[in-house]
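Coming up is one lone chain in structure tokens, specifically the form predicted on its own.
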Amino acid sequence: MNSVIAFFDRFGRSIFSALEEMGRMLLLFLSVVAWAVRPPFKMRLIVKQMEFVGVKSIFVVVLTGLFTGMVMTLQICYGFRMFSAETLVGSTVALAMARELGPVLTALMVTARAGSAMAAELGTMRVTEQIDALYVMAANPVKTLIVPRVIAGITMLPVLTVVSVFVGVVGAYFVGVPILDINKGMFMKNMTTFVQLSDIYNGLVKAAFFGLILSFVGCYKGFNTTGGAEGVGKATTEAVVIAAITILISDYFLTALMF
């Protein structure tokens, strides 16, 4: 009997803890929205974060997009040749990159690089009481620390997605045409025929939403860090895991709504 009571006690505590966490996240999100539209706008901080999230992530995004397009071309061509449909390889890779793989892989790579850094940086500031010092100086830490990072995530993820999709298609072309001997004219014609602007627009909307997720989750976990150096490491790990899982789950629902 005591074990049953203990089980339900732990279960109830975990439910209340999860609801409390969701409430804190909602309150912080509303605070971010309110401060984001309230002047003065700290453009210097925003541009600095855009450089950190966007420019410094280009290499890993290009590498990921390029080899994703190349590997997809090898795999898809092998299957399509069974039905003499290898000329559709280019359009298939381009659609997959524009709709799904470009936004999702870019978001996951940026989460691992920039989202974790946001959590670690804000977590270090929290445990060393630098955030408390901002309150003392009447500088709102949400306006100063979180809003620029969230804006940078929302604006730079679509740009990085465009880069990822482009290099993915370029990689598909250089594997498909010279190496796999696919007809160049049909490769390009089918790509331009089947890939619509709406596919690209919807992929960019996804990327902006993913940018919001990874930046906000990273900032939230870092902003609420406790427990010293060990807490910073825990917050960084949780930020990456939660953001990655949320991105993958939200991708399904966004795909169901858009396509």
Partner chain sequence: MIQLVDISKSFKTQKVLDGLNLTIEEGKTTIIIGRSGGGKSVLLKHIIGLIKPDQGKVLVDGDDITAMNDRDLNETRKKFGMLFQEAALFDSMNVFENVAFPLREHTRMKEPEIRERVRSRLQDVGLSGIEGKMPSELSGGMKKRVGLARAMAMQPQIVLFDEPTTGLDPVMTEAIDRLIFETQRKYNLTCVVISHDIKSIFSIGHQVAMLYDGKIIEFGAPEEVKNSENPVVQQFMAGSLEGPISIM
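Positions refer to the first chain, counted from 1. Everything numeric here is computed off the predicted structure, so don't read it as measured data.
What comes next is about the form predicted in complex with the partner chain, which is not displayed.
The putative spot formed by M125, T128 and V136 is fully lined by the partner chain in the predicted complex; each residue has a non-hydrogen atom within 4.5 angstroms of it. The partner is absent here, but in the predicted complex a heavy atom of T144, alone among N183, T144, Q75, T155, sits within 4.5 Å of the partner chain.
Of the stretches 57-65, 42-50, 220-228, 200-208, only 42-50 has residues with a heavy atom within 4.5 Å of the partner chain in the predicted complex. In the predicted complex, none of the heavy atoms of E100 sits within 4.5 Å of a heavy atom of the partner chain.
Along 187-205, not one residue places a heavy atom within 4.5 Å of the partner chain in the predicted complex.
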